[in-house]
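Both blocks below hold the same protein chain, though in two forms, and each is given as structure tokens: structure 1 and structure 2.
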Structure 1
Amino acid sequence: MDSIQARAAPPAAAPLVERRLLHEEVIDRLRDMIVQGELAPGSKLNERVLCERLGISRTPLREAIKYLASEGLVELLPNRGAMVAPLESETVQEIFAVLGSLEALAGELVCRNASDADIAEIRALHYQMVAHHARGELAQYFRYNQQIHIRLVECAGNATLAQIYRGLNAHVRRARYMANLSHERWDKAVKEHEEILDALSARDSKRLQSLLRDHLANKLVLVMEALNANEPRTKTG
């Protein structure tokens, strides 16, 4: 029983870091399970099963589910519980349209507001990513790739923007679009990142916006391919 548990240990001392609340722990844990694909899009969330898996009671689980429903990762089915939000190609296209707007805004703001240290940090992430690309380590590459985009938006200095961006990004990430990435396209994506980093370093807002837009368009193609590969069935199925 090495699962999450409430009030297990006696108070050793004043906890330096606030003890995390169970339902918050569960929010993060569930979100991870959904984004990582452990809980597949469209699959039903059985409370009993999840409670056993997480070692908690239904109350914090249900609270976490409500939170994620508002985030859009979960859909509530009245009297029938909840399911992982399906990954419809239509919704994905909608999300990309919004992401485009948000990245454009982020591109403008980050050039104006990011500190040199911020940009240095993004550069460091970039070189990590390039190294993983050179070694053909796709999963690690993907991880740093994500981090770069997230960090770029965060460094724009608009927390509201960053939060919305992260939420939409999580939704799309479930498509596992990196799985079938050709060498050619991979190389191209890295090249695009080089240019993005250049524009950011020069704080060339217009160029950065344009590069981000093109990069996102290419990513959309990837995502749609992944989607069509996994669920080519129409609604008649």
Structure 2
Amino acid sequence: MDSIQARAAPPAAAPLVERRLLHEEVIDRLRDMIVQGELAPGSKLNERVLCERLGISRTPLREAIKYLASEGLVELLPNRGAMVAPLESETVQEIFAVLGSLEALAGELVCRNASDADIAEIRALHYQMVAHHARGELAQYFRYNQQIHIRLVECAGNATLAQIYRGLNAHVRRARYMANLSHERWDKAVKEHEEILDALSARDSKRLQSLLRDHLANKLVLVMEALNANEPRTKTG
């Protein structure tokens, strides 16, 4: 009798799996709404409206909001709910400067430590990304774009580097998305990624480091232009 009950026990874990999948899905959907500008910086997160829109209860929504607060996308307001965190130009500049150094270090290490299978995986992600660019699908393009940058760092073989990079990159994910809102910049970014892939395939660490630095610096120029254009101007005289 006991053995029959023991064999029947595993299916009870299914609701836990479903809750975890729902949790991850809600985080992804809410993150996309923030990153893509659907929820503007500084706007209040209305739980009732978001629950209706996402078709969920308040519990998974609140869990997702707390998680995105840890990524710097949301600010929790004591006794007042939460709002989309503002994008401050000075903070963005500081984070991009650090990310540039981290990506350059990753460029050196990945050429040394990545396996051929790792590089093949990054190449496959690149082709998927390019296909979405050709169809003008920015949201899908950006998803693969981020996967490529994350995998480059992960395949460098330094867990500390990858952890720090993921945390900082989450804080400026919206800024990186903004850079592609210019069609000219978007087209140029794809060409830069092709050069990055060529350097990685050749395991040319010096060239890859330089390309990754320049790629991020080019993004920052457009991001700063967009942020400065949206900042309120102070009156003089």
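For numbering, take structure 1's sequence and count from 1. Treat the numbers as computed from the prediction; the structure is a model and nothing was measured. C-alpha atoms forming the largest set that superposes within 1.5 Å between two forms make up the rigid core.
Visitor: So which is it, 1 or 2, that shows the form predicted in complex with another copy of the chain?
Guide: Looking at both, the form predicted in complex with another copy of the chain is number 1.
Visitor: If I superpose the two forms on their rigid core, does the C-alpha of residue 44 end up displaced by 2 Å or more between structure 1 and structure 2?
Guide: It does, since the residue 44 C-alpha is displaced 2 Å or more between structure 1 and structure 2 after the core fit.
Visitor: After a rigid core superposition, would you say the CA of residue 190 moves by 2 angstroms or more between structure 1 and structure 2, or not?
Guide: Residue 190: C-alpha displaced by less than 2 Å between structure 1 and structure 2.
Visitor: Does the distance between the two CA positions of residue 179 reach 2 Å or more between structure 1 and structure 2, the core being superposed?
Guide: It does, since the residue 179 C-alpha is displaced 2 Å or more between structure 1 and structure 2 after the core fit.
Visitor: Keeping the rigid core superposed, can you check how far the CA atom of residue 65 moves between structure 1 and structure 2, in angstrom?
Guide: Displacement of the C-alpha, rigid core superposed: 9.1 Å.
Visitor: After lining up the core, report the Cα displacement of residue 35 between structure 1 and structure 2 in Å, one decimal place.
Guide: Rounded to one decimal, the shift is 6.1 Å.
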